[in-house]
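Just one chain is shown here, as structure tokens, and it is the form predicted on its own.
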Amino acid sequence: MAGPVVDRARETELIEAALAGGANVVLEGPPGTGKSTLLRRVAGDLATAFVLVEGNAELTPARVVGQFDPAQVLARGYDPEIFVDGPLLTAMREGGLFYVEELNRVPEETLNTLLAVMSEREIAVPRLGVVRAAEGFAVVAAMNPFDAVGTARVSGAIYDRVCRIAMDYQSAEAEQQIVTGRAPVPSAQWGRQAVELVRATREHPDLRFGSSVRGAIDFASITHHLAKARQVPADDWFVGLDAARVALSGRVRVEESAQRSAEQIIEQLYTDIFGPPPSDESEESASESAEGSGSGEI
């Protein structure tokens, strides 16, 4: 079942309009912006099949389209009855949505098998014949255009066959709603600060890109369970710092020219937003008290 979709009314409307018009759709945006959740929700609203493939270098045409059962070919030849449909043919026969996650990680050879499907709604399979899509079939895809590792440029032929919808991060209020709906938070104020911390990673000059809202969800969840394990309050400053390091340091990418590690940058941002550690505050208070006492004796 698709999860809740927060603050995506406009994108939902655009996707549904494009699909109603017979178009294919690609969603472009950074990770954690709800692309997959949104497409699943749309499929649920349309009461149509949703067939998913994850884009990677191992996604061959045979895995997408299907193939004859090798064990039976020798005995029965290329009998259509022994052809095993891949996810693409499954979606075509059911008139569903064929969803390609991480489109720009799919090998070009595999993407080329989709060209005729996307424009003509049919595909010619060797020794099987032409398979035509049932009404309602469409190709939908999502991709992160900012991650260059393991990705390839999507050809103009593909872009010519899709309608592109750009998705950016949601508002701070929407992200806070997502976090509080997915993880326990000590207080509303703490939840706002957690989201503020994550959003700050996206604008830090030493970070090439920051964390998605998933980082805030994990930050809140780890904080909750770590506080229980240490038997301290849920908003303990040191628990929060450890949780922030764990949840966010692997999600951000540090600029090569930066002089600090991801953990150091996270600690700086955490201190900026959640304040200095309690020990520092106690020392400052004690120092001020001592100074006041000394001035009274003179």
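Being a predicted model, the structure only gives us computed values, none of them experimental. Note that residue numbering follows the sequence shown and begins at 1.
Only in words, not in the display: the form predicted in complex with a small molecule, which the text now covers.
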| item | value |
| --- | --- |
| Heavy atom within 4.5 Å of the small molecule in the model of the complex - the one residue of Glu94, Glu196, Asp206, Glu101 that qualifies | Glu101 |
| The small molecule: the contacting residue among Thr113, Ser221, Gln170, Gln72 in the model of the complex [heavy atom, 4.5 Å] | Gln170 |
| Three-residue site Arg8, Pro30 and Val213 fully in contact with the small molecule in the model of the complex at 4.5 Å by heavy atom | yes |
| Interface stretch in the model of the complex with the small molecule - options 33 to 41, 49 to 57, 235 to 243, 260 to 268, non-hydrogen atom within 4.5 Å | 33 to 41 |
| The small molecule contact in the model of the complex: Ile178, any heavy atom under 4.5 Å | yes |
| Proximity of Val117 to the small molecule in the model of the complex, heavy atoms at 4.5 Å | no |
| 4.5 Å heavy atom contact, His225 and the small molecule in the model of the complex | no |
| Touches the small molecule in the model of the complex: Arg182 (any heavy atom, 4.5 Å) | yes |
